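Taking the form predicted on its own, here's one chain by itself in structure tokens.
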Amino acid sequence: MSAPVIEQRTALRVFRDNLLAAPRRLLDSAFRSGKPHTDRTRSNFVFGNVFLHLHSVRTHRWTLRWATTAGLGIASTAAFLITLVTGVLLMFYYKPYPDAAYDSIKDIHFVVPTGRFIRNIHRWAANVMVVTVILHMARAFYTGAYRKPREFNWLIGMGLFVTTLGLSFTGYLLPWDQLAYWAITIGANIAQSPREVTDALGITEWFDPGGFQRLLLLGSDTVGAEALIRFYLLHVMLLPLVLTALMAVHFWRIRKDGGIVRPADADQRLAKREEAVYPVFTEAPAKTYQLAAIVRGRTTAVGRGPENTVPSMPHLFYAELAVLMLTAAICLALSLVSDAPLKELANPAVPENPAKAPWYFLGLQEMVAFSAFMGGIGIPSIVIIGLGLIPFLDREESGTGEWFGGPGGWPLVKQATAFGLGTAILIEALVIRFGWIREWFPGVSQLVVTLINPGTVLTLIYGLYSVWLVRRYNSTRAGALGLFTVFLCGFLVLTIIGVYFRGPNWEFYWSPSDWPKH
């Protein structure tokens, strides 16, 4: 009679032991290579992890230097993840139709517990993402990271940049307040700006690309319910999917292209530093490997050994976590000191004055004030095409992986910065003080104003300056360095003027206190 009792107690003990061991077995099933104590288990940890597998098993120590990348790529990714998580939380309360959108944002802002804080984080993370993507793109350019074999990944990065701006722009309409409504109206007018040319040529009745672009953007002739649901779908579904796909390709190509770009003599530079050198292999291997053959190939790994590398797990992984935490801390701090704006309910009958686009489009809006077509479509298209062509025009190798590497170097960039800032400020001062062709010759053709305006003049001067640099240094890289720098400076000047010095009717004011009183 006692045998069943013993058997029952044993089964209960086994059940208890299995229950206690469940957490450990869960970890073992997720991380089958065990704790990454040795180089081999660290390698297996990367091989078996879907996220870490985007990294190479070993990372060069040059890549881990703060001065190499400043963590800008990871900061952009971290900001996107923060925006994604907070956006999902906001979706629980947001209603994407005009009769309820504004009230739902008010509920989030004033009623939902921590709703205002979450919305603030979402807004600031989006802004941090725009800033870090721009800086990351500048870092890649100034270190020559667009050169062979990274040309395609440079184009993917440009796609990420455009998609990021699209994400921020589509989210701008969702609060359905005055600020959002009239900012999107400006964007719709820019999309319609080809009519500036077709009207002047008298062909709009038969050929109207501007009207088609406006209809495609808004789903209607006006900013209404169709535009709101269209922007909502783009913002929460289509553009995040596109961004995620591009990021996956971007990260994968970084690995396949040999990791973060570095100078050809990076190993020698690291050898000169007086610091403890991490050994190539930290523990005696438990298994012997042999090399079957050495072959020639096109891969960037050819001719490179494991010297001056460390396991990506934990070194690179911990560095990425540190940047993630720093980005989150910045977003949290900004969210505590500055609330996301929320103005009155959108009213098509009462225009905002001044009606301003998001800050990252105010440089365009400043140019649009002179010519909607050239400022909103023509010049941006020229810039994007130029950036896309740079990897295929600059086939030089000197200076790759170095900040401002190549002929001219840092002195050239300093000179280009002064020239870019000075030229933009001079042209803007001239326009603000004396006006432009339309004020000088009221009857002039619109085509003349479209082709000859402050934006096109500034672009032409920058282009001629770049050609001069190519001839002076006998280097395409020198011309590219100068052109990228002056356009960056021009964008900065125009953005600052649009943000701080444009008031009602887009007039120039030194301070909002000088605006006309109503």
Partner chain sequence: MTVKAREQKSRLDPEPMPRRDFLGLSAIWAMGAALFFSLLGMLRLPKAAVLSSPSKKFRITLPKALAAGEAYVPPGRAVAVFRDDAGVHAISTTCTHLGCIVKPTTEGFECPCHGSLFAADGSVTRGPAPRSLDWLKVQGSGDAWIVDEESRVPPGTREQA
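Predicted model, so just to flag it, every value in this text is computed and none were measured. Numbering follows the first chain given and starts at 1.
What comes next is about the form predicted together with its partner chain, which does not appear here.
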Report the stretch among 421 to 429, 208 to 216, 377 to 385, 251 to 259 that approaches its partner chain in the predicted complex to within 4.5 Å, counting heavy atoms only.
208 to 216
Establish, in the predicted complex, whether Thr185, Glu196 and Glu507 all lie within 4.5 Å of its partner chain, using non-hydrogen atoms for the distance.
yes
Of the residues Glu151, Glu226, Asp107, Glu396, which one places a heavy atom within 4.5 Å of its partner chain in the predicted complex?
Glu226
Of Phe370, Tyr172, Phe80, Tyr102, which residue is found within 4.5 angstroms of its partner chain in the predicted complex when only non-hydrogen atoms are counted?
Phe370
Contact with its partner chain in the predicted complex for Arg438, defined as at least one heavy atom pair within 4.5 Å: yes or no?
yes
My question is simply whether Gln365 lines the interface with its partner chain in the predicted complex - judged by any non-hydrogen atom within 4.5 Å.
yes
Would Ile190 count as touching its partner chain in the predicted complex under a 4.5 Å heavy atom rule?
yes
Flag Pro314 as yes or no: does it have a non-hydrogen atom within 4.5 angstroms of any non-hydrogen atom of its partner chain in the predicted complex?
no
